[in-house]
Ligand SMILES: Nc1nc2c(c(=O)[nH]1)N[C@H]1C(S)=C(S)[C@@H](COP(=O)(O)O)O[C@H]1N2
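Given next, in structure tokens, is a single chain: the form predicted alone.
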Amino acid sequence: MTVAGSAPPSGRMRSLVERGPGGPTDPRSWRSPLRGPWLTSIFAVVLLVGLPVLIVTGLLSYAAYDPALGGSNDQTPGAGLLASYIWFDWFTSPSWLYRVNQGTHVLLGIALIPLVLAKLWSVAPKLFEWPPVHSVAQALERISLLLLVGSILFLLVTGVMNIQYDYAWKFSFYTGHFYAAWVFIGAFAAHVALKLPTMIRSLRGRSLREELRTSTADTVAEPMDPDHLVSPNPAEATVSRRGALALVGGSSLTLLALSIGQSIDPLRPTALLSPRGRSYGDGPNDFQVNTTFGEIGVDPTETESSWRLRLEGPDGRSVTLRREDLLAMAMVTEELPIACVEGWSTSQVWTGVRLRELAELVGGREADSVFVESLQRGGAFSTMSLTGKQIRAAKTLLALKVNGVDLSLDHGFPARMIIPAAPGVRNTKWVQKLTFRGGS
């Protein structure tokens, strides 16, 4: 049908509209005989198990910042309903809780990268389908697919870059990941609802045992499918489906093996993909740091004999302490981990004063929170608030020593917070002031 007075489209234009511009939009250009609903469904099953674990551990990781306290704790002040799941104060026991949660989140995320890429490869013809939109239902499906692919690639790429390149962008990693995660959660739920019946049907249609026994020479394309994943012009197989699964699974295990040492102390030498390629020795202060005192803008002269810790109580009471005064108080030694959002963690032996003992000096034992201020200049977490539960936890320390020696400057000398089960960034270094708030 043409508009009156206009010329009908040329044959070439008509062909372009009907068949597409060629290249990846032409189904015949996708020639791998491995592609099809069955292989795609195998990848989908693994992701259907792994991705919900990533979602849950990611949401718990954000809850561990206790964003209800505001300030630096809350990197998404406009989150509204998206943060309504955080109705509780974060836990203080077991002390290894955040270490396990975040180690699982990061290591699993790294290990799933080959599977995500393999899944995208397996559905590539669908991503370039022509025409892009031919019905309302198909348009909605493609929008959900665009959000799903875009959000998971954003989360994986920025997550890896955050580990290796120390914030290589200008937006907040925490804010960006929080909102992108919710986009992914919505798109993932929609995609599962749409494709779960197809996945189950595809898995039932072929035997995994038989596929694993099929050699490359006997590997042929699946029957044509309604989603057009199967090539209409398949080439001869150069690898079997068994080989493809082994390649993807082996790649995942390799990435896991090269990363797991950043979360398990005895395996630390094997962590070839450790954050930013840093390595450490065997000394009492030779363990991971996110940033050095020089990078974060701490003036070493402010940490010397002139340093003072100022305590402010809920009723206005104030106390100023020298480091010598703190060392004269009852010292407590605890073995506690530090675990970073980047996935690395380490367990060390810390010596210091219980935070609740310092709170008592200014009438803050029952305080609702404490506002911690650091000597550092800059950075998103130069201040941090802790909950009343964290103040009163027996293992929450203002640490002065680690592994029997004074803290190094990089580890927060002259004093730093050590909080059980909390993200590493909440363990503020170079503490100069504690302000206890609220309570009876």
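A residue's number is simply how far along the shown sequence it sits, counting from 1. Treat the numbers as computed from the prediction; the structure is a model and nothing was measured.
The following text describes the form predicted in complex with this ligand, which does not appear among the structures shown.
Looking at 22-30, 386-394, 373-381, 45-53, the stretch with residues near this ligand in the predicted bound form, meaning non-hydrogen atoms within 4.5 angstroms, turns out to be 373-381. Only one of the listed residues (Ile163, Leu112, Ala367, Ile338) places a non-hydrogen atom within 4.5 angstroms of this ligand in the predicted bound form, and that residue is Ile338.
Contact annotation: His411 falls within 4.5 Å of this ligand in the predicted bound form, judged by heavy atom distances.
In the predicted bound form, this ligand lies farther than 4.5 Å from every heavy atom of Pro420.
At the 4.5 Å threshold, heavy atoms of Val289 reach this ligand in the predicted bound form. Though the partner is left out of this view, Ile296 does reach within 4.5 Å of this ligand in the predicted bound form, counting heavy atoms only.
Applying a 4.5 Å heavy atom cutoff to this ligand in the predicted bound form picks out Asp410, His411, Arg416, Gly424, Val425, Asn427, Thr428, Lys429, Trp430 from 403-432, in order along the sequence.
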